[in-house]
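In structure tokens, the next block holds one chain alone, the form predicted on its own.
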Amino acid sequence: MAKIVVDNISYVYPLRDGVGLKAIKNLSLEIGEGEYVALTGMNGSGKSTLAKLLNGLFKPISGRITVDGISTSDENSVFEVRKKVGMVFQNPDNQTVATLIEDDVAFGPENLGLPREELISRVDYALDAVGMSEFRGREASKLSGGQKQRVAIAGVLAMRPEVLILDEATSMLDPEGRAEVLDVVGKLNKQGITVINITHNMEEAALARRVIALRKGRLAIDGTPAQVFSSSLLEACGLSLPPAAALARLLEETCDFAAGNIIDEATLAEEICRQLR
């Protein structure tokens, strides 16, 4: 499985008259094999730019990124990097390339020139992994938003990536669609796929085992959800507590309640019941 090493990278968007907008500034971090990371921060913090750097869509102007030891700046290795690091974007409609679902999922591996047996095997695996096997013969345009995004994930999985990046992939979905996608992502991570979920949603971030918060293109906070949500830098990063954590803090301030490291609803409910006994 792939390990990602980001070593002192910077990235600048070119503007007019030779002026540039520095989106990433001397950033260093590592993401290990099989991690589940939430990458967060306010708009303009550099989250999506970093995602595109990680899979070779952009190249840093300085510093180096390696995926499984392969440099993302090496023109001869870009295809290998993108096979290892798959991306799912915000709008599921913009990721559809074929009318039928099974054809859409087959598009990527088909372009690899794989034998028919291998192609069928990959499509079967990918659709089963996201719970969409029974829909394989349907038209993608008739699916719900959550189902379309699951198909988009299947299309990436058919390429057999080791890292899955979701770039605000649930932001356009209703709560039911968001829950569908996050359930699939959690299961894939348990199977060993490294997950990097770029999100503004702190409830989503709480599902990860590690949260990385960027601020103005720099690393601001890096730790477990509990560590990040208790950080004094959270507000400066334009972030707020998940509702369950915010309620726990409020209960701690207004009554005899020990909030501890509560970050999700289930833990909050359990703790309330325990402390009321």
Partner chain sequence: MQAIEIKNLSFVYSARTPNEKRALDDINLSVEEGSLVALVGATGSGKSTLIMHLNGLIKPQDKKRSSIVVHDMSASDKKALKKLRFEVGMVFQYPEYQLFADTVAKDIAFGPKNMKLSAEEVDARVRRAMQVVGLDYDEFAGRSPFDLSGGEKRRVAIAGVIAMQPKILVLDEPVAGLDPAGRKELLALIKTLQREISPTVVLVSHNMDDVARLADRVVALKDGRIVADGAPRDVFADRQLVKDIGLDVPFAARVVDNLEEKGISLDKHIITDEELYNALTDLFASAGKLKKPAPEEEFFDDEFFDDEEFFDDDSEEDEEEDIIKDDPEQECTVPEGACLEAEENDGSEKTKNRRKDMTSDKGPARARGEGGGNV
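The structure presented is a predicted model; accordingly, all values stated were derived computationally and were not measured. Numbering follows the first chain given and starts at 1.
There is also a form predicted in complex with its partner chain; it is not shown, and the following applies to it.
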Can you work out which of Val195, Ala140, Ala205, Leu173 has a heavy atom no more than 4.5 Å from its partner chain in the predicted complex? Leu173
Here the chain is shown alone; which of Asp124, Glu168, Asp183, Asp103 has a heavy atom within 4.5 Å of its partner chain in the predicted complex? Glu168
If you check in the predicted complex, is Glu270 within 4.5 Å of its partner chain, heavy atoms only? yes
Is there any non-hydrogen atom of Arg218 lying within 4.5 Å of its partner chain in the predicted complex? yes
Is the gap between Ser133 and its partner chain in the predicted complex 4.5 Å or less for some heavy atom pair? no
Heavy atom of Gly238 within 4.5 Å of its partner chain in the predicted complex: yes
Pick from 64 to 72, 222 to 230, 49 to 57, 23 to 31: which stretch has non-hydrogen atoms within 4.5 Å of its partner chain in the predicted complex? 23 to 31
Contacts from 95 to 127 to its partner chain in the predicted complex (any heavy atom within 4.5 Å), listed N to C, are none
